[in-house]
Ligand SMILES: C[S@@+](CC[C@H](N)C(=O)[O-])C[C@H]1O[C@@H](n2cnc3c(N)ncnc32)[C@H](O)[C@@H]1O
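Taking the form predicted alone, here's one chain by itself in structure tokens.
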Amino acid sequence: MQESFVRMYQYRLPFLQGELAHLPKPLTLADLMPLDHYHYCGTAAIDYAIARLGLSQQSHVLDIGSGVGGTARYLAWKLGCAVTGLELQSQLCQMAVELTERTGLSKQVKFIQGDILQGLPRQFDAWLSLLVFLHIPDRQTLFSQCAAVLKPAGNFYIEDYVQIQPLTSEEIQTLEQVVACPGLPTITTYQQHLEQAGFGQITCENVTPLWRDWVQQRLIQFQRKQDYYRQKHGDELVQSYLDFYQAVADLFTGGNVGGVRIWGRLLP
């Protein structure tokens, strides 16, 4: 899984760096929004999470799997709250720091290069994680550590892949080799894993139709601009995106892979 995980993200930084070359040194969030969100549905998804988490200016939020920092920066800009991003890959974390400095949000947003499975101090009012946990097979350790970072009665929010129906052998292979996803729980199993770690008041929302349409539109839009992107970034990089976007669209079209939004809180 580690090899496919690294491969999945290796083409994103060169693409981002190529796009940044045409932007001014001081950046706005509007400049970055087409580039720095690796989850689905853009800032609308973050707004939805904000409402479910009940966040305010006083909140200290942990973004688990923060990538290049788009979600963390948006939270800080929208609410004025403190945000810590935790990112496993050092090169993504470094880019997150750079982009946050260029947007003038470094006082509110901090990044840590590290692994949630190794834990962090209990200091957060809430955490969220968008399309990250599908890469992590050790759910027992994962959710135990996610519980340990929250203050008493702290809230959480997740967006992730789930299994809707039994997967075909081809889908299993695509998930493992292309999406770096070694296995998918059902929604029911996902909720059970969270409950075993001490979370409660859990709500699960099946968003499969929404995500199916979104990933299909993402593919179509990229296909329409591929000639422009090829001139700008080269054939190999653009083909990596096309292959990945097509594979994800096929997974959701097949009807066995779906998406879920889950939120709740740490029980006393």
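It should be emphasised that the depicted structure is a prediction, and the values quoted were computed from it without experimental measurement. All residue numbers refer to positions in the sequence shown, first residue = 1.
There is another form of the same protein, the form predicted in complex with the ligand; it is not shown, and what comes next is about it.
Contact annotation: of the candidates C81, I116, A197, V149, the single residue with a non-hydrogen atom within 4.5 angstroms of the ligand in the model of the complex is I116. This chain is displayed alone, yet in the model of the complex one of L131, M95, L175, I164 has a heavy atom within 4.5 Å of the ligand; that residue is L131. Within 4.5 Å of any heavy atom of the ligand in the model of the complex lies no heavy atom of R139. Within 4.5 Å of any heavy atom of the ligand in the model of the complex lies no heavy atom of R52. Among residues of the shown chain, T189 is not one whose heavy atoms approach the ligand to within 4.5 Å in the model of the complex.
At a distance threshold of 4.5 angstroms between non-hydrogen atoms, Y245 is out of contact with the ligand in the model of the complex. With the partner left out here, the ligand still marks one of 198-206, 23-31, 38-46, 221-229 in the model of the complex; by a 4.5 Å heavy atom cut-off that stretch is 38-46. Annotation for 77-92: interface residues with the ligand in the model of the complex are L86, E87, L88, Q89, L92 [heavy atom within 4.5 Å].
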